[in-house]
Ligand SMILES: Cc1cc2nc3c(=O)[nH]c(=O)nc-3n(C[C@H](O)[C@H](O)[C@H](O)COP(=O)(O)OP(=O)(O)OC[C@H]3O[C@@H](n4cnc5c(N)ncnc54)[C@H](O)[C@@H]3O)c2cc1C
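Before any questions on binding or motion, here is one chain by itself as structure tokens, the form predicted on its own.
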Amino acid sequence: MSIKVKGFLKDVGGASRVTELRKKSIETASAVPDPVDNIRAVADALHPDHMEFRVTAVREASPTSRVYRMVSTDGHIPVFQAGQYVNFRLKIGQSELTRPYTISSAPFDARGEQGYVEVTIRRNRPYLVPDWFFENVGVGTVLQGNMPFGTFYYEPLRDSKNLLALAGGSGITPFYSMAREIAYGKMKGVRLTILYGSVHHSDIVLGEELARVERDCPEVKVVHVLSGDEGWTGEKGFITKELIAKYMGEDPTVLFCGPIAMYKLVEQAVTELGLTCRRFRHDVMNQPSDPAQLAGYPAGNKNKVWKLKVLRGIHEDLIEARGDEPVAVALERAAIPVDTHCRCGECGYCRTQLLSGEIFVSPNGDGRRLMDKEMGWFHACSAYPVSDLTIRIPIL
């Protein structure tokens, strides 16, 4: 079937008419350039390259977690979706690190004169960045970063209105943001059920806050699943196929955010339940502290130390890189600037050229293009050295 918009001759001749109009516009245009680029201004407002956040409040979210409330120092907070994250740029020792944290406050909290964003950070084991936050960040601290990033949010053209969220530990943060947005009436018609896995009832991240939302909003239901609390009278153990089937309802969109070990169980469960890829999505996941958890990771590589030659323009550094750490971590440890955002290999900000040597790329979130794979490019945050390497990175 053919469609005529203005007729054959007018359609075919359209390009030449536009060319003539462009020539006339150029001839009659002012010789003084117009410095205002409205499209650029809108783009910069939606996705600023640099922001400063001032911490205005810190509160406990559990015995091992804290909520940091922040405002933008220039008063402008970009529009974001519940489930997206902020990327902080932190100066720790001699190294400049970038780290992503999901925004746990709701988008409506950022609007108006008193707009703010919150991140919830857990410190249940020794770990560099959470330790630094707990020990160095308080009311009045100014942090560098930018936002928003990520695609882990509700999309009505793709997702059903019945959302089943599967969370583990601090993976509750995107779903708490969604829950509050639903309670505020900004995700109309959406029902959210959260299966939230924790160890003990005394250390449930944002437990009291979730209880308030559930009490005030009938469209939000929270089911706690505890794996190490013998006295718990609710759901116990881990989030299994049976539990998912029990609470998922009709035509669910299943969303997951939690540790890799939990993801493996959940992925198998939703596959066995027959859910399509379109109906199962997961948030970005940092690489595990033990890369042996990753399928295909070379046995014995964990204990090896490799030489890493780093080229930046005409500058060259030779550093050490452990086999159990991503290349990006080795660069950060050596105080070599590398721009990362998602920390899982999806976004591509740390795209790096491999000139020689062998790497193991994490199968979780390998977001490289096919051409990059063929031409030797990789994402430094999700690739481990398996030999001595020579790489080229951008100058920051």
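Start at 1 and count along the sequence shown; that's the residue number. Bear in mind that the values here come from a model prediction, so they are computed numbers and not experimental data.
Note that the form predicted in complex with the ligand isn't included here; everything after this is about it.
- Out of the listed residues R279, R122, R191, H282, R122 is the one that sits within 4.5 Å of the ligand in the predicted complex by at least one heavy atom.
- For the candidate set P291, P78, G207, P100, a heavy atom within 4.5 Å of the ligand in the predicted complex is found for exactly one residue, namely P100.
- Of the stretches 332 to 340, 22 to 30, 45 to 53, 356 to 364, only 332 to 340 has residues with a heavy atom within 4.5 Å of the ligand in the predicted complex.
- Annotated contacts: T73, S105 and Y154 are all free of the ligand in the predicted complex [non-hydrogen atom within 4.5 angstroms].
- In the predicted complex, none of the heavy atoms of S160 sits within 4.5 Å of a heavy atom of the ligand.
- Contact between P259 and the ligand in the predicted complex is not found at the 4.5 Å heavy atom cutoff.
- With a 4.5 Å cutoff on heavy atoms, V129 counts as touching the ligand in the predicted complex.
- The ligand is not drawn, but in the predicted complex it has a heavy atom within 4.5 Å of Y85.
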